[in-house]
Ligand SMILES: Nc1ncnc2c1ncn2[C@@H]1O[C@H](COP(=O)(O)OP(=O)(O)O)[C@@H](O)[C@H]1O
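Presented as structure tokens, the chain that follows is alone, the form predicted alone.
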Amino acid sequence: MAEVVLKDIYKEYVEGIPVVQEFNLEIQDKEFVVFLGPSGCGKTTTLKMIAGLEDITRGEIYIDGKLVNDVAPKDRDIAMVFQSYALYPHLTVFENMAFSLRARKFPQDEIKERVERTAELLRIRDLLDRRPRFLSGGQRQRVALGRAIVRKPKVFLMDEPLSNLDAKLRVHMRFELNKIHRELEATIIYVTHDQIEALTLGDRLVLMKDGIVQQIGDPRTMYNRPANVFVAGFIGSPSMNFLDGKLDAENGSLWLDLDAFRLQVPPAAKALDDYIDKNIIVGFRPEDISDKDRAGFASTGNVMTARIDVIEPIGSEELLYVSAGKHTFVAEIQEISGGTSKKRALVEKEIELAFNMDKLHLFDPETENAILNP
């Protein structure tokens, strides 16, 4: 396997209109890195530039220490797994997996050994004699993965390989990909717009917007310490609540004035003097807003009353969509007992909610950059 280094990568299709801008990243050997972002953010274009399928307008790409800007895709020693399985319908599973090895004129014994070992790893050995039309979507995806694995490339490039699978199979395949990464000790670059996939698969995430990298970090850091409003809103499901407020100083304490209610800023919060008497964006994760009577955190002085608009069951918890004054937001509480009829009766009723101020996020309203994270 190998390191991948991207230096000042810039890409444009039309002069003066960038698709990817000043992309800098060092991917370590055996690391699983996920390019994440909404459609059109440039993540797939970046992957294709690493593969050599797209030219680079400006910048340098190194694979295993070698500059590959002018190296043909077939000579970069990478393997791609696409969103579409791209299997040859007239060939068996064995023949599909062996195709690239035969094209490179590997000995037949080695081809057989590699394909069978990879099929064992992917649990598709009993499918080697079947053709793709007799396989399920999950089985076809495993064949596509196997075709890449048998080559033993330096780098695996995966472009939304699970997007065609149903929800249950996607969960299973995420587990399988994690397992494959551990067993192969492979360098993997993975593209997705699904932040759940990113959080569960990646050693590090690269979150992009409009061709610009917004933040690079491990999943926990990205979730707990987002660099800006976009990162905070994109990472997490449901996404972070954002409330427009004003920071006030009163009797030596800082308060957030949110019109319908006020919240006291923890004494430990620092570097906020420049924002006193100014507007500010307040952020809370839904799990950090809870029913006052069942909150698992200290709530003294930071309780407000809201109206329940919608109750959404999600297993052992409930999502409450609530409103207070000009604000609407989501709180996550323990499951409300009493069944559907009781829950329906609570809609449009008031509830006292507590805010976990130790989990407070604050953002600059002009730059949208984070000024306070927990």
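Quick caveat, the model's predicted, so the values are computed rather than measured. The first residue of the shown sequence is 1; numbering continues from there.
Omitted from view is the form predicted together with the named molecule, to which the following refers.
Heavy atoms within 4.5 Å of the named molecule in the predicted bound form map, among the stretches 307 to 315, 60 to 68, 44 to 52, 324 to 332, onto 44 to 52 alone. With a 4.5 Å cutoff on heavy atoms, Ile351 does not count as touching the named molecule in the predicted bound form; it lies far away. Using a 4.5 angstroms limit between non-hydrogen atoms, Val19 touches the named molecule in the predicted bound form.
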